[in-house]
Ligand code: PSU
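Take a look at this one chain, the form predicted alone, written out in structure tokens.
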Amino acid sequence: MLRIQPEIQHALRHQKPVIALESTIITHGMPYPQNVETALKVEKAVRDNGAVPATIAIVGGVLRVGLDLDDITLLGQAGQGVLKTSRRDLPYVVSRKKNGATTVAATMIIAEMAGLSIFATGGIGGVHRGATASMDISADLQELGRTNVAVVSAGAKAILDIPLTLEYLETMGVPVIGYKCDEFPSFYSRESGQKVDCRLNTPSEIAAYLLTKWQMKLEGGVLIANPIPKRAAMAYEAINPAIEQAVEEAGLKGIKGKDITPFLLGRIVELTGGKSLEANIQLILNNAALAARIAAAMIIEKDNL
């Protein structure tokens, strides 16, 4: 059921840094052909920073760790016609030999199966606005609580209830590290009004933290919050009205569950005249670069512990 690309197998055997990458950003995160272009740029950002990219998806029922250009193009052209796959969906997609785009949760699961410990994404899922009534809470949060993979992201998606998302992560025992920041970023913006658990300023400090945590047998992941670059950031006051309008429209249309995030992100792109899409691209490239540097630092730090 699991197929690891030969280049990635070689890197793992020789203790080279490898970075897991998700595939819902290809199918559900942005339109074609920008999705394919962005996926290739993200892989390049990983390579440019000294690591091997491992984009993860399910192709024909096979858990694939590492995709070639044909695979990425297939997913990109199919778009939202590909099944958005989280933990609960994995047995169905695999047993029925379907194609699946992996969420943060599913990517973490498959990454751990393959022996990968660092994963770069855009923003994690979390507690949705209005969740006190809908109980709409992403499986990403529970996965972070039990799977030994560190996730580098630009915080949580701005469409979420960020204070409740951080409360849930605390309940699950998930540490939230701020990379060169004290405030938790909110995807498009560098600020949210919420604090991180601790601030670390170098990839080496983060690498030492991760190795220490897992050597102490403290199971579960770590969320590494990496703010969007200043040049690409959108002011919180500017993006929030678009988010609130999109959330209201989703409620009126009865959109919920796994369909709500693609709808909200797509609608926000429309409401911001495409500015949010460019911000999304820049932040995932930034996260991929940091993840590669952390993975490389982990190999060095292993000798110091």
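Because the structure is a prediction, the values reported are computed rather than measured. Numbers follow the displayed sequence, beginning with 1.
We do not show the form predicted in complex with the ligand, though everything after this point is about it.
Please identify the residue among 289, 297, 25, 281 with any heavy atom within 4.5 Å of the ligand in the model of the complex. For this set of options, the contacting one is 25.
Contact residue in the model of the complex, chosen from 47, 41, 258, 275 - any heavy atom within 4.5 Å of the ligand: Looking at the other structure, the residue within range turns out to be 258.
Would you say all of 123, 139 and 265 touch the ligand in the model of the complex, counting a heavy atom within 4.5 Å as a touch? Yes: each residue has a heavy atom within 4.5 Å of the partner.
Given a 4.5 Å cut-off on heavy atoms, tell me which of 131 to 139, 189 to 197, 214 to 222, 175 to 183 is the interface stretch with the ligand in the model of the complex. So the stretch in question is 131 to 139.
Does any part of residue 53 reach within 4.5 Å of the ligand in the model of the complex? Heavy atoms only, please. Although the ligand is absent here, residue 53 would stay clear of it in the model of the complex, with no heavy atoms inside 4.5 Å.
Wondering, does residue 104 line up within 4.5 Å of the ligand in the model of the complex on heavy atoms? Yes, residue 104 lies within 4.5 Å of the ligand in the model of the complex.
Is there a non-hydrogen atom of residue 29 within 4.5 angstroms of a non-hydrogen atom of the ligand in the model of the complex? Heavy-atom contact with the ligand at 4.5 Å: present for residue 29.
Which of the residues spanning 153 to 186 lie within 4.5 Å of the ligand in the model of the complex, based on heavy atoms? Result: 157 alone.
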